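Quick setup: one chain, the form predicted alone, written in C-alpha coordinates, and binding and motion questions come after.
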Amino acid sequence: MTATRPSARSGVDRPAGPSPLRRLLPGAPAAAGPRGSTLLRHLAGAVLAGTLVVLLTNQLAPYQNLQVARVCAFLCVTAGYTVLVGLNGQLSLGHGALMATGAYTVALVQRAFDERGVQGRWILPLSLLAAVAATALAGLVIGLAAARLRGPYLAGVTLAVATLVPAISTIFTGVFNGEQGLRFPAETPPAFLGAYFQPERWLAWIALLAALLTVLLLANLVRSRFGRSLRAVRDDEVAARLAGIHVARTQVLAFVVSAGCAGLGGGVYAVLTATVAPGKFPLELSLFLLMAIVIGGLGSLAGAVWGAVLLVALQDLPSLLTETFSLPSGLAQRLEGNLALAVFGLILIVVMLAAPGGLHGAVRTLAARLRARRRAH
(Lines give C-alpha, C1' and ligand atoms only; values in the text may rest on other atoms or scores of the structure.)
Protein backbone atom coordinates (compact mmCIF):
# COMPACT_ATOMS: atom_id res chain seq x y z
CA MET A 1 0.00 0.00 0.00
CA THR A 2 2.85 2.37 0.73
CA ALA A 3 4.21 1.84 -2.79
CA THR A 4 1.15 3.59 -4.30
CA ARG A 5 1.30 6.65 -2.04
CA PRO A 6 3.02 9.86 -3.24
CA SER A 7 6.57 10.38 -2.10
CA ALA A 8 6.58 12.55 0.99
CA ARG A 9 9.93 14.12 0.12
CA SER A 10 9.56 14.86 -3.59
CA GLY A 11 5.78 15.21 -3.80
CA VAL A 12 5.87 13.32 -7.14
CA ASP A 13 4.11 9.97 -7.74
CA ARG A 14 6.53 7.16 -8.44
CA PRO A 15 5.87 4.81 -11.39
CA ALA A 16 3.52 2.03 -10.29
CA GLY A 17 5.75 -0.86 -11.45
CA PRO A 18 5.25 -4.40 -10.10
CA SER A 19 7.20 -5.16 -6.94
CA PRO A 20 9.41 -8.25 -6.75
CA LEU A 21 6.85 -9.94 -4.50
CA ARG A 22 3.99 -9.10 -6.88
CA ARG A 23 5.80 -10.91 -9.71
CA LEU A 24 5.67 -14.10 -7.63
CA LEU A 25 1.96 -13.93 -6.93
CA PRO A 26 -0.95 -15.36 -8.93
CA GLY A 27 -1.96 -13.13 -11.76
CA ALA A 28 1.39 -11.35 -12.06
CA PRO A 29 3.02 -11.03 -15.48
CA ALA A 30 5.13 -14.07 -16.24
CA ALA A 31 8.85 -13.54 -16.15
CA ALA A 32 10.70 -13.72 -19.44
CA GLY A 33 11.73 -17.30 -20.14
CA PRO A 34 11.87 -19.90 -22.85
CA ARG A 35 9.04 -19.70 -25.33
CA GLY A 36 6.47 -22.46 -25.82
CA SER A 37 4.39 -24.59 -23.51
CA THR A 38 6.02 -25.29 -20.17
CA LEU A 39 4.36 -28.71 -19.97
CA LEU A 40 5.56 -29.75 -23.42
CA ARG A 41 9.08 -28.49 -22.70
CA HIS A 42 9.27 -30.41 -19.44
CA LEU A 43 7.69 -33.48 -21.07
CA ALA A 44 10.31 -33.44 -23.83
CA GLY A 45 13.07 -33.18 -21.23
CA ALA A 46 11.61 -36.09 -19.27
CA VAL A 47 11.37 -38.27 -22.39
CA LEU A 48 14.96 -37.45 -23.32
CA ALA A 49 16.27 -38.14 -19.81
CA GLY A 50 14.27 -41.38 -19.62
CA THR A 51 15.59 -42.57 -22.98
CA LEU A 52 19.19 -41.90 -21.94
CA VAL A 53 18.79 -43.75 -18.63
CA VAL A 54 17.09 -46.72 -20.34
CA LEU A 55 19.96 -46.94 -22.82
CA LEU A 56 22.38 -46.74 -19.89
CA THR A 57 20.68 -49.57 -18.01
CA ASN A 58 21.07 -51.82 -21.05
CA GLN A 59 24.85 -51.59 -20.56
CA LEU A 60 25.03 -51.99 -16.79
CA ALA A 61 25.52 -55.02 -14.56
CA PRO A 62 22.67 -56.14 -12.25
CA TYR A 63 24.06 -54.45 -9.13
CA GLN A 64 24.65 -51.18 -10.97
CA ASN A 65 21.10 -51.28 -12.29
CA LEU A 66 19.90 -51.75 -8.73
CA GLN A 67 21.87 -48.63 -7.75
CA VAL A 68 20.19 -46.70 -10.57
CA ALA A 69 16.84 -47.87 -9.22
CA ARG A 70 17.76 -46.70 -5.71
CA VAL A 71 18.80 -43.29 -7.04
CA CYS A 72 15.44 -42.97 -8.79
CA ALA A 73 13.57 -44.01 -5.64
CA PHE A 74 15.42 -41.43 -3.56
CA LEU A 75 14.85 -38.83 -6.28
CA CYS A 76 11.10 -39.15 -5.73
CA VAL A 77 11.71 -38.20 -2.09
CA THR A 78 14.34 -35.48 -2.49
CA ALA A 79 12.36 -33.73 -5.25
CA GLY A 80 9.29 -33.35 -3.05
CA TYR A 81 11.43 -32.58 0.00
CA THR A 82 13.29 -29.71 -1.67
CA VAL A 83 9.97 -28.17 -2.73
CA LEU A 84 8.82 -28.19 0.90
CA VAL A 85 12.04 -26.91 2.47
CA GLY A 86 13.56 -24.86 -0.31
CA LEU A 87 10.50 -23.31 -1.95
CA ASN A 88 8.09 -23.12 0.99
CA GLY A 89 10.56 -22.67 3.86
CA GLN A 90 9.18 -25.40 6.12
CA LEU A 91 11.70 -27.59 7.94
CA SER A 92 10.79 -31.25 8.30
CA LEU A 93 12.89 -33.94 9.97
CA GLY A 94 10.34 -36.70 9.45
CA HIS A 95 10.58 -37.60 5.78
CA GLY A 96 12.27 -40.89 6.60
CA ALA A 97 9.11 -41.86 8.49
CA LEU A 98 6.97 -40.80 5.52
CA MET A 99 9.06 -43.09 3.33
CA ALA A 100 8.39 -45.89 5.81
CA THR A 101 4.66 -45.17 5.64
CA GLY A 102 4.67 -45.56 1.88
CA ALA A 103 6.82 -48.69 2.02
CA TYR A 104 4.58 -50.44 4.58
CA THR A 105 1.48 -49.46 2.62
CA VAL A 106 2.87 -51.14 -0.50
CA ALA A 107 3.78 -54.24 1.50
CA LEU A 108 0.36 -54.52 3.15
CA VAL A 109 -1.54 -54.02 -0.12
CA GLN A 110 0.58 -56.54 -2.01
CA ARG A 111 0.35 -59.11 0.79
CA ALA A 112 -3.42 -58.68 0.94
CA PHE A 113 -3.79 -59.45 -2.76
CA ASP A 114 -1.28 -62.33 -2.56
CA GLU A 115 -3.11 -64.00 0.34
CA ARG A 116 -6.33 -63.91 -1.72
CA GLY A 117 -4.62 -65.36 -4.76
CA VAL A 118 -5.13 -62.20 -6.83
CA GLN A 119 -2.43 -61.56 -9.43
CA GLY A 120 -1.89 -59.02 -12.16
CA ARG A 121 0.35 -56.22 -13.37
CA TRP A 122 -2.13 -53.66 -12.08
CA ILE A 123 -1.36 -54.54 -8.44
CA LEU A 124 1.96 -52.64 -8.45
CA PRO A 125 0.58 -49.27 -9.65
CA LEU A 126 -2.41 -49.72 -7.36
CA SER A 127 -0.18 -50.34 -4.35
CA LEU A 128 2.00 -47.35 -5.22
CA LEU A 129 -1.08 -45.15 -5.55
CA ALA A 130 -2.23 -46.40 -2.14
CA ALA A 131 1.20 -45.48 -0.75
CA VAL A 132 0.92 -41.97 -2.16
CA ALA A 133 -2.61 -41.59 -0.74
CA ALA A 134 -1.63 -42.87 2.72
CA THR A 135 1.41 -40.62 3.04
CA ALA A 136 -0.47 -37.65 1.61
CA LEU A 137 -3.04 -38.18 4.37
CA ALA A 138 -0.21 -38.31 6.92
CA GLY A 139 1.22 -35.16 5.35
CA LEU A 140 -2.16 -33.49 5.73
CA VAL A 141 -2.15 -34.20 9.47
CA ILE A 142 1.44 -32.97 9.86
CA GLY A 143 0.72 -29.98 7.64
CA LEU A 144 -2.18 -28.90 9.85
CA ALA A 145 0.27 -28.76 12.74
CA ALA A 146 2.88 -27.09 10.54
CA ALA A 147 0.48 -24.26 9.77
CA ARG A 148 0.54 -23.36 13.47
CA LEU A 149 4.22 -24.01 14.22
CA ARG A 150 7.43 -22.38 13.08
CA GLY A 151 11.16 -23.10 13.10
CA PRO A 152 12.41 -25.40 15.86
CA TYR A 153 8.89 -26.22 17.05
CA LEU A 154 7.97 -27.60 13.63
CA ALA A 155 11.28 -29.44 13.43
CA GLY A 156 10.57 -30.98 16.84
CA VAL A 157 7.14 -32.25 15.78
CA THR A 158 8.45 -33.84 12.60
CA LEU A 159 11.36 -35.33 14.53
CA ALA A 160 8.84 -36.97 16.84
CA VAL A 161 7.13 -38.43 13.76
CA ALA A 162 10.47 -39.81 12.58
CA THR A 163 10.88 -41.72 15.85
CA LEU A 164 7.23 -42.69 16.24
CA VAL A 165 6.61 -44.52 12.97
CA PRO A 166 9.38 -47.17 13.39
CA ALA A 167 8.21 -47.64 16.99
CA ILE A 168 4.66 -48.32 15.81
CA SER A 169 5.92 -51.06 13.51
CA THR A 170 7.51 -52.83 16.47
CA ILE A 171 4.55 -52.36 18.83
CA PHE A 172 1.86 -53.71 16.50
CA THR A 173 3.72 -56.89 15.62
CA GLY A 174 0.54 -58.63 14.49
CA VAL A 175 0.26 -56.21 11.56
CA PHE A 176 3.85 -55.19 10.84
CA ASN A 177 5.72 -58.31 12.07
CA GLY A 178 8.03 -56.31 14.37
CA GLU A 179 11.73 -56.09 13.60
CA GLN A 180 11.45 -58.90 11.05
CA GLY A 181 9.34 -56.73 8.80
CA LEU A 182 7.07 -57.78 5.95
CA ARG A 183 7.85 -59.70 2.80
CA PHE A 184 5.75 -59.65 -0.33
CA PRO A 185 6.02 -61.11 -3.85
CA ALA A 186 8.95 -59.73 -5.83
CA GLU A 187 8.26 -57.83 -9.03
CA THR A 188 9.34 -59.81 -12.11
CA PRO A 189 9.82 -58.64 -15.72
CA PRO A 190 6.90 -59.16 -18.14
CA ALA A 191 7.03 -62.28 -20.32
CA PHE A 192 7.28 -60.30 -23.59
CA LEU A 193 10.74 -59.04 -22.56
CA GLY A 194 12.09 -62.58 -22.71
CA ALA A 195 13.06 -65.25 -20.22
CA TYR A 196 16.57 -63.87 -19.75
CA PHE A 197 15.68 -60.24 -19.18
CA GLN A 198 17.57 -58.87 -16.19
CA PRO A 199 15.18 -58.41 -13.20
CA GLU A 200 17.29 -55.56 -11.82
CA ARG A 201 16.92 -53.70 -15.12
CA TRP A 202 13.15 -54.05 -14.88
CA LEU A 203 13.22 -52.66 -11.35
CA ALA A 204 15.36 -49.75 -12.57
CA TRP A 205 12.77 -49.00 -15.25
CA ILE A 206 9.95 -49.03 -12.68
CA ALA A 207 11.85 -46.66 -10.40
CA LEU A 208 12.83 -44.48 -13.35
CA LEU A 209 9.19 -44.11 -14.43
CA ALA A 210 8.19 -43.11 -10.89
CA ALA A 211 11.03 -40.57 -10.68
CA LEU A 212 10.26 -39.04 -14.08
CA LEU A 213 6.58 -38.67 -13.23
CA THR A 214 7.46 -37.05 -9.90
CA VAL A 215 9.94 -34.58 -11.37
CA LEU A 216 7.63 -33.78 -14.29
CA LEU A 217 4.69 -33.01 -12.02
CA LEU A 218 6.80 -30.97 -9.61
CA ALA A 219 8.54 -29.04 -12.40
CA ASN A 220 5.16 -27.91 -13.69
CA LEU A 221 3.88 -27.30 -10.19
CA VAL A 222 6.68 -24.91 -9.22
CA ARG A 223 6.09 -22.94 -12.44
CA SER A 224 2.38 -22.60 -11.71
CA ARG A 225 0.45 -20.17 -9.51
CA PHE A 226 0.79 -22.58 -6.64
CA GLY A 227 4.57 -22.56 -7.03
CA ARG A 228 4.64 -18.78 -6.94
CA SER A 229 2.45 -18.85 -3.84
CA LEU A 230 4.92 -21.26 -2.20
CA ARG A 231 7.78 -18.83 -2.76
CA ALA A 232 5.73 -15.83 -1.66
CA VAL A 233 4.83 -17.54 1.64
CA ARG A 234 8.47 -18.51 2.15
CA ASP A 235 9.74 -14.97 1.56
CA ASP A 236 7.21 -13.05 3.67
CA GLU A 237 4.07 -14.55 5.19
CA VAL A 238 2.58 -11.17 6.13
CA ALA A 239 3.03 -9.74 2.65
CA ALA A 240 1.69 -12.94 1.09
CA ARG A 241 -1.41 -12.77 3.31
CA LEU A 242 -1.96 -9.11 2.39
CA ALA A 243 -1.69 -10.10 -1.28
CA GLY A 244 -4.59 -12.53 -0.90
CA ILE A 245 -2.72 -15.80 -0.48
CA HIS A 246 -4.14 -18.24 2.08
CA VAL A 247 -0.88 -18.91 3.93
CA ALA A 248 -2.03 -21.83 6.09
CA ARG A 249 -3.66 -23.63 3.16
CA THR A 250 -0.53 -23.17 1.04
CA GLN A 251 1.67 -24.61 3.79
CA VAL A 252 -0.64 -27.59 4.31
CA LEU A 253 -0.76 -28.32 0.58
CA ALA A 254 3.04 -28.12 0.41
CA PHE A 255 3.27 -30.77 3.12
CA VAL A 256 0.70 -32.95 1.34
CA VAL A 257 2.59 -32.79 -1.97
CA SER A 258 5.94 -33.44 -0.34
CA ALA A 259 4.57 -36.32 1.74
CA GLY A 260 3.00 -37.93 -1.33
CA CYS A 261 6.36 -37.83 -3.11
CA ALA A 262 8.03 -39.38 -0.05
CA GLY A 263 5.40 -42.13 0.02
CA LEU A 264 5.98 -42.92 -3.65
CA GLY A 265 9.73 -43.05 -3.08
CA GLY A 266 9.32 -45.30 -0.05
CA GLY A 267 6.97 -47.59 -1.96
CA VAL A 268 9.40 -47.92 -4.87
CA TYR A 269 12.26 -48.48 -2.40
CA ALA A 270 10.30 -51.36 -0.88
CA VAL A 271 9.56 -52.88 -4.30
CA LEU A 272 13.29 -53.05 -5.04
CA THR A 273 13.89 -55.57 -2.25
CA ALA A 274 10.33 -56.97 -1.83
CA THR A 275 10.66 -56.48 1.91
CA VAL A 276 10.06 -53.77 4.50
CA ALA A 277 11.56 -53.53 7.99
CA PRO A 278 11.88 -50.68 10.50
CA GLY A 279 15.67 -50.93 10.34
CA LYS A 280 15.57 -49.55 6.79
CA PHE A 281 14.07 -46.26 7.94
CA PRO A 282 16.07 -45.10 10.97
CA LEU A 283 16.22 -41.54 12.24
CA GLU A 284 19.52 -41.09 10.39
CA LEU A 285 17.69 -41.46 7.09
CA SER A 286 15.77 -38.24 7.71
CA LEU A 287 19.05 -36.45 8.44
CA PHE A 288 20.62 -37.91 5.30
CA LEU A 289 17.69 -36.67 3.22
CA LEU A 290 17.94 -33.16 4.63
CA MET A 291 21.70 -32.98 4.08
CA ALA A 292 21.29 -34.37 0.56
CA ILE A 293 18.94 -31.62 -0.61
CA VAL A 294 21.11 -28.94 1.02
CA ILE A 295 24.29 -30.26 -0.59
CA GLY A 296 22.57 -30.72 -3.95
CA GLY A 297 21.06 -27.24 -3.94
CA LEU A 298 18.06 -26.27 -1.86
CA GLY A 299 14.88 -25.49 -3.80
CA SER A 300 16.16 -26.90 -7.08
CA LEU A 301 14.94 -30.10 -8.73
CA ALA A 302 18.35 -30.50 -10.36
CA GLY A 303 19.83 -30.24 -6.88
CA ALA A 304 17.48 -33.03 -5.82
CA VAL A 305 19.10 -35.24 -8.46
CA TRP A 306 22.54 -34.49 -7.02
CA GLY A 307 21.23 -35.31 -3.55
CA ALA A 308 19.74 -38.65 -4.64
CA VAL A 309 23.03 -39.68 -6.25
CA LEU A 310 24.93 -38.74 -3.09
CA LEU A 311 22.53 -40.72 -0.90
CA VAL A 312 23.23 -43.93 -2.79
CA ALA A 313 26.95 -43.32 -3.26
CA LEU A 314 27.69 -42.53 0.38
CA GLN A 315 25.56 -45.37 1.76
CA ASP A 316 27.69 -47.80 -0.25
CA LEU A 317 30.96 -46.16 0.84
CA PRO A 318 31.57 -48.31 3.99
CA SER A 319 31.14 -51.59 2.12
CA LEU A 320 33.37 -50.30 -0.68
CA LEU A 321 36.14 -49.42 1.78
CA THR A 322 35.77 -52.76 3.55
CA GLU A 323 36.12 -54.71 0.31
CA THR A 324 38.97 -52.56 -1.00
CA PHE A 325 41.20 -52.47 2.09
CA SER A 326 40.17 -55.77 3.77
CA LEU A 327 39.40 -54.09 7.10
CA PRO A 328 38.91 -56.11 10.33
CA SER A 329 35.33 -57.11 11.05
CA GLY A 330 35.07 -54.93 14.20
CA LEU A 331 36.30 -51.81 12.39
CA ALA A 332 34.04 -52.59 9.42
CA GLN A 333 30.99 -52.78 11.70
CA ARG A 334 31.82 -49.43 13.28
CA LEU A 335 32.30 -47.84 9.85
CA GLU A 336 29.01 -49.33 8.67
CA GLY A 337 27.05 -47.18 11.09
CA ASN A 338 29.11 -43.99 11.28
CA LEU A 339 31.22 -43.42 8.19
CA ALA A 340 28.43 -42.36 5.84
CA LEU A 341 27.06 -39.83 8.33
CA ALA A 342 30.54 -38.43 9.02
CA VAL A 343 31.37 -38.10 5.32
CA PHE A 344 27.97 -36.55 4.63
CA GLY A 345 28.55 -33.98 7.38
CA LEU A 346 32.05 -33.19 6.12
CA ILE A 347 30.79 -32.70 2.56
CA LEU A 348 28.01 -30.47 3.86
CA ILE A 349 30.50 -28.21 5.65
CA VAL A 350 32.82 -28.00 2.65
CA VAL A 351 30.00 -27.32 0.18
CA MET A 352 28.42 -24.65 2.38
CA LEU A 353 31.77 -22.86 2.69
CA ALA A 354 32.76 -23.16 -0.96
CA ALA A 355 29.36 -23.10 -2.68
CA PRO A 356 26.44 -21.94 -0.52
CA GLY A 357 24.06 -22.67 -3.41
CA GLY A 358 24.95 -26.35 -3.33
CA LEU A 359 26.45 -28.48 -6.08
CA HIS A 360 23.87 -27.34 -8.61
CA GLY A 361 24.58 -23.71 -7.76
CA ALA A 362 28.31 -24.31 -8.18
CA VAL A 363 27.74 -25.89 -11.60
CA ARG A 364 25.57 -22.97 -12.70
CA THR A 365 28.17 -20.45 -11.49
CA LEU A 366 30.94 -22.29 -13.30
CA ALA A 367 28.89 -22.47 -16.51
CA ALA A 368 28.12 -18.73 -16.30
CA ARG A 369 31.81 -17.89 -15.90
CA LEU A 370 32.73 -20.08 -18.87
CA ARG A 371 30.09 -18.39 -21.03
CA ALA A 372 31.32 -14.94 -19.94
CA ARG A 373 34.92 -15.88 -20.73
CA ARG A 374 33.88 -17.20 -24.15
CA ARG A 375 32.04 -13.97 -24.95
CA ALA A 376 35.05 -11.92 -23.82
CA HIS A 377 37.24 -13.75 -26.33
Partner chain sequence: MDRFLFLTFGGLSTGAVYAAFALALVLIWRAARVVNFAQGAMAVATAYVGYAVASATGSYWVGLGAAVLAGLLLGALVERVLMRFVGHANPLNEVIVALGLVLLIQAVLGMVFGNGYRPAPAPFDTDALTLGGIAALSPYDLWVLGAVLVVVVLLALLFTRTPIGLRMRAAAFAPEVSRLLGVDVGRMLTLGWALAAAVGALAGMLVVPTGLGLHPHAMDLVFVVAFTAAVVGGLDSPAGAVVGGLLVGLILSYVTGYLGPDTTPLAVLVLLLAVLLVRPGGLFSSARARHV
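Computed from a predicted structure; not experimentally measured. Residue numbers count along the first chain shown, from 1.
There is another form of the same protein, the form predicted together with its partner chain; it is not shown, and what comes next is about it.
Novice: Among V222, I123, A145, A130, which has at least one heavy atom within 4.5 Å of its partner chain in the predicted complex?
Specialist: Of the candidates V222, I123, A145, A130, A145 is the one lying within 4.5 Å of its partner chain in the predicted complex.
Novice: Would you mind picking the one in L290, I206, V109, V71 that has a heavy atom within 4.5 Å of its partner chain in the predicted complex?
Specialist: So the residue touching its partner chain in the predicted complex, by this definition, is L290.
Novice: If contact means a heavy atom within 4.5 Å, which one of 196 to 204, 240 to 248, 131 to 139, 97 to 105 is the stretch that engages its partner chain in the predicted complex?
Specialist: In short, 240 to 248.
Novice: Any chance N338 has a heavy atom within 4.5 Å of its partner chain in the predicted complex?
Specialist: Residue-level check for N338: yes, a contact with its partner chain.
Novice: Consider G89 of the chain shown here, and say whether it contacts its partner chain in the predicted complex, taking contact as heavy atoms within 4.5 Å.
Specialist: Close contact exists here: in the predicted complex, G89 approaches its partner chain to within 4.5 Å, heavy atoms only.
Novice: Given that the partner is absent here, does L353 sit within 4.5 Å of its partner chain in the predicted complex, heavy atoms only?
Specialist: Flag for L353 set to yes.
Novice: Please determine whether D114 contacts its partner chain in the predicted complex, using a 4.5 Å cut-off between heavy atoms.
Specialist: Flag for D114 set to no.
Novice: Each of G156, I168 and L283 having a non-hydrogen atom within 4.5 Å of its partner chain in the predicted complex: is that the case here?
Specialist: Per the other structure, all of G156, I168 and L283 touch its partner chain.
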